[in-house]
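Starting off, we have a lone chain in the form predicted on its own, written out as structure tokens.
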């Protein structure tokens, strides 16, 4: 099971180009699709989920060609869009039951068993009789994740799935991804680098509709090689005034400021070189600091 996009472009009305000649291969396992808001990630995921058609290019999902064989793709698909509408007047169990029936799960015994199993996975068993309208944002997001997993889809598309989750729920979600990733394609589309770092074997970075990198996690880290610096400065230091440097992170402790910076040369006299991490490589790539085209 894999997915391939070959020279895929998507042009909306008035000439707005969301995807520009995208070629991408996604194998089995958890695949991270990284990029800032507006990069084209959701458009690419909607094409794979058969919700919209590409303007040009070729897409194959597990041997099925889109859009010609979209009905076959829908039978193996689990999808969590960035904004998933829930029926607030239904209970959590009723919501899951409704989606399961829509997915063709006709066997009552098997359907009930799977719903109960998934509600337990997302820690909603104790509230399965409560109406969805009474749920917190995090609880609704967990329910949305559970519905995407119904009927054991071979292709699972998750668009910004950890939005609204607290740290404990995010950790539980990452563990869940690792548990379900065998023998299926799981696409995790996000702008949160730590979500990709926690569980993806391979990834791609999309920016302004174009693929900037695809490969393994280490390939993204290497984009910042030799450009990561750490420094400690007085808290009143104007870090925006540092020449040719990008601030990856800053932490204030009393009257001191601890910085992690990207720069081709030491940005401060006492800056120390540091090993690159995934977020460093992502920032270097997106800003064009590594010599790539940030557009």
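Everything quoted here is computed from the prediction, not taken from an experiment. Positions refer to the first chain, counted from 1.
We do not show the form predicted in complex with ligand ADP, though everything after this point is about it.
At a distance of at most 4.5 angstroms from ligand ADP in the predicted bound form, all three residues 36, 39 and 43 contribute at least one non-hydrogen atom. 82 is the sole member of 82, 123, 91, 214 with a non-hydrogen atom within 4.5 Å of ligand ADP in the predicted bound form.
Of the residues 22, 18, 285, 278, just one reaches ligand ADP in the predicted bound form with a heavy atom at 4.5 Å or closer; this is 18.
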